[in-house]
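The form predicted on its own is given below as one chain in structure tokens.
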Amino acid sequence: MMDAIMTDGLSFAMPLLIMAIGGIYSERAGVVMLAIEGLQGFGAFVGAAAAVISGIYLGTESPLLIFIAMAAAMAGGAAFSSIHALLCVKFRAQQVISGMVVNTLAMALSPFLTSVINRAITGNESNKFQIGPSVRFTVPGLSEIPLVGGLFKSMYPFEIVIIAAALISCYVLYKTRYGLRLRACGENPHSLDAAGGDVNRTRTIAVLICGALSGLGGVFLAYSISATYSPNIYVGYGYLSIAAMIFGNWKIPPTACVCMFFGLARSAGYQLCLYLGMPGSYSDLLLTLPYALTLLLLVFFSKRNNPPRAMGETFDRSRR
């Protein structure tokens, strides 16, 4: 049972983490990012569509499909996030409203386009893509460690990709010139402008990075949870990653811990339901455990949060 909790918890936590990292990039640059839910869903749609179409030519069992899906999901998420960047950075729209507009648009557009593509390929107007399960592997040696060995059993390839992406993201955010400028955008954009930096360009790139990482997380959720892309991808995973980002105080290492906590809580609830032989309706209820924990954590930790000082503020050079 413990191995199953660890295995399933990690597979759920990793997509949350990569989406949360995208949110950190956007909000540390000063752009409020409530659009992760829509970006991960639209990115998952583009990735799944690319996998389905490529499968016609490469075969549905080709190992290349998941890599095609990853690249397409990142491109789709970044392209869709450009709407948010255009509204917030170029036209100085209210950032919370812009994020909700992007979410709503994605929730309406992606199922419709899925039906159109399915009708063209199969003649069936289904709003789902059958992308098939991903391969899994076990790490010899590490999988035998007591208690935590389950983290290294039946792993998805994307878990390694996300861990690598998280490490690279940490380096870029905290050790590079761009990361320094990005953090300055969220704290004091006028100081960056005075130093010769381009605030709008830095913020736009940060939002596009968020879109790419959110799309990556979305397609991984589709592969790991049901091996299907469907409108059910919009069930709050993006908002859960936002909660993890906030509880992690907009820092990547603490956010990773929160995502893992959410993943293990969800997995433990489901495994407990199976162990007790409870009906399926109870398992659906226990899957909401991460959201209940979010409310509980909000009560105790919300006063300790230190968001970027310039987050949500539009940049106007004339006010310097």
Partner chain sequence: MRQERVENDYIVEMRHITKRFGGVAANDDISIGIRRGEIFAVLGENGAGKSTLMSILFGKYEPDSGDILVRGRPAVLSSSNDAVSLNIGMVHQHFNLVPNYTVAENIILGSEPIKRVFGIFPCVDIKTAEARIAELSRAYGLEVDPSLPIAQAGVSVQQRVEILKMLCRNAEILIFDEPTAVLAPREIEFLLDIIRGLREKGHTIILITHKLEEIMRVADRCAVLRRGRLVGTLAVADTSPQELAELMVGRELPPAGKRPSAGFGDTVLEVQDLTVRDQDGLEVVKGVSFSVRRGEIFAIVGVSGSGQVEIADAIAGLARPQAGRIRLMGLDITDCGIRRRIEAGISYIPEDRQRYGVILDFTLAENLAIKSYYRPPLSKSGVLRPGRIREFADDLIERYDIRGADGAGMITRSMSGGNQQKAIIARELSRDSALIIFVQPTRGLDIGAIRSIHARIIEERDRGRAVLLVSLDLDEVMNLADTVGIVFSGRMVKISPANRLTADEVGEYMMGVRV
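Numbering follows the first chain given and starts at 1. Since this is a predicted model, take the numbers as computed values, not measurements.
Omitted from view is the form predicted in complex with the partner chain, to which the following refers.
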property	result
Partner contact for Ala120 in the predicted bound form: the partner chain, 4.5 angstroms, heavy atom	no
4.5 angstroms heavy atom contact with the partner chain in the predicted bound form for Pro133	no
Exercise: Asn200 in contact with the partner chain in the predicted bound form, heavy atom 4.5 Å	no
Close approach of Val139 to the partner chain in the predicted bound form, 4.5 Å, heavy atom	no
Proximity to the partner chain in the predicted bound form (heavy atom, within 4.5 Å), stretch among 148-156, 200-208, 67-75, 184-192	184-192
Sequence-ordered residues of 155-179 touching the partner chain in the predicted bound form, heavy atom within 4.5 Å	Tyr171, Lys175, Thr176, Arg177, Gly179
